[in-house]
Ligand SMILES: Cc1cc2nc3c(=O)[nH]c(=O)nc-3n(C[C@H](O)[C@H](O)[C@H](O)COP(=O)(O)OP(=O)(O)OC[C@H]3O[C@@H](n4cnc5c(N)ncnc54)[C@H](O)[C@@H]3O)c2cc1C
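In the form predicted on its own, a lone chain appears below as structure tokens.
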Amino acid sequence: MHDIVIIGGGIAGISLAARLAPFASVTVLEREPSLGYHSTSRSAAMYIPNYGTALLRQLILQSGDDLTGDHIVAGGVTSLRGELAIVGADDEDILAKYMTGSTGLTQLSPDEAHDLCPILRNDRFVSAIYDEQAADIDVDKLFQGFIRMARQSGAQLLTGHEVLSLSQTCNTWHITTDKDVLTADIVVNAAGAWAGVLASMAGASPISITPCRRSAAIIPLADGLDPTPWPMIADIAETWYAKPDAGRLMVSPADQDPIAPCDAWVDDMVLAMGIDRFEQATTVSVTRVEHQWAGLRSFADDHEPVAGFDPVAHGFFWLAGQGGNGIQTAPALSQLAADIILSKTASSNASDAKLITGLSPARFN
């Protein structure tokens, strides 16, 4: 009998296991042969504190100390990069929304933006927003840090265990896998793109979690161009972005096309369209793609993460719908989820109380 079984061995499930294991008997079940097989291992994550909704920004900011400090990995897992978002003549409404509630942003002229990233075409945008706080995240370093924390505290991390059915008798969950049957007081749904499938299996609330594809490619640059000091660049409308990657550029069409949960693949046409938008905004002519891949990012209908106990299925906990922000929110979201499960949340903390309400699966009722 386990206290808690977490289904899903990506960053969400593993970070939660690391938080819970010092206080409870925890087992993680991952269907794939390795942990972090899908979204986690395919993420080119950045720490961007001004990204997303107000709730996401709060989670990102609360994750900052763990990402930059010694709490998970000695020396932290970030390195300053900066983010430069270019603003077109028709992007005033998007800019206003982006600036609302933001901190530490600087508005630049096209010439000033060009000084930071010399491949930008000055005549293709009217201004730019620079966030010097944005940083690269070493995803593997962070993930391995959480894995070490979980294992050192006694968590059992099982790969190659596909969950076939979930049932409950007398408040005890029975989790049948292709290997064995486990029992637990609490089941955590950290199944990423498969979160909706798992919830249906458990008879939980019918919350829609939609997987969407995100594609990316590595492109070489002309001799003499070293992108290492450049910031991440993007258009503020999020139709493409690019960031330095070991002397090359990683370019993405920022696609978000709904697909069934699967081992994601690149849509060549979507990738080509994104590269074309990148070429129009820069002086780079892409003649060769060295590597391309796709991953999944999953969303609830309101594009906020879902974290909390299901209002229908007793002892069924949601930790899903991070929408591509699972890496940069993992430290804070895993701690908040663990506090809820362990009943350690401080009701006097208005900020956390607002988060708990905003993330709760009960909001869909």
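From 1 onward, residues are counted along the sequence shown. This is a predicted model, so every value here is computed, not measured.
There is another form of this protein, the form predicted together with the named molecule, and it is not shown here; the text below is about that form.
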>> Can you work out whether residue 18 and the named molecule are in contact in the predicted complex, taking contact to mean some heavy atom pair no more than 4.5 Å apart?
In response: no
> Is there a heavy atom of residue 238 no more than 4.5 Å from a heavy atom of the named molecule in the predicted complex?
Replying inline: no
> Could you tell me if residue 4 has a non-hydrogen atom within 4.5 Å of the named molecule in the predicted complex?
Replying inline: no
> Should residue 162 be counted as a contact of the named molecule in the predicted complex, where contact means heavy atoms within 4.5 Å?
Replying inline: yes
> Looking at 125 to 133, 76 to 84, 95 to 103, 189 to 197, which one sits within 4.5 Å of the named molecule in the predicted complex if you count heavy atoms only?
Replying inline: 189 to 197
>> I need to confirm a contact call. Of 29, 59, 337, 306, which residue comes within 4.5 Å of the named molecule in the predicted complex, counting heavy atoms only?
In response: 29
> Considering 46, 300, 313, 332, which brings a non-hydrogen atom within 4.5 Å of the named molecule in the predicted complex?
Replying inline: 46
>> For a quick check, can you give me the residues of 314 to 339 that have a heavy atom within 4.5 Å of the named molecule in the predicted complex?
In response: 322, 323, 324, 325, 326, 327, 328
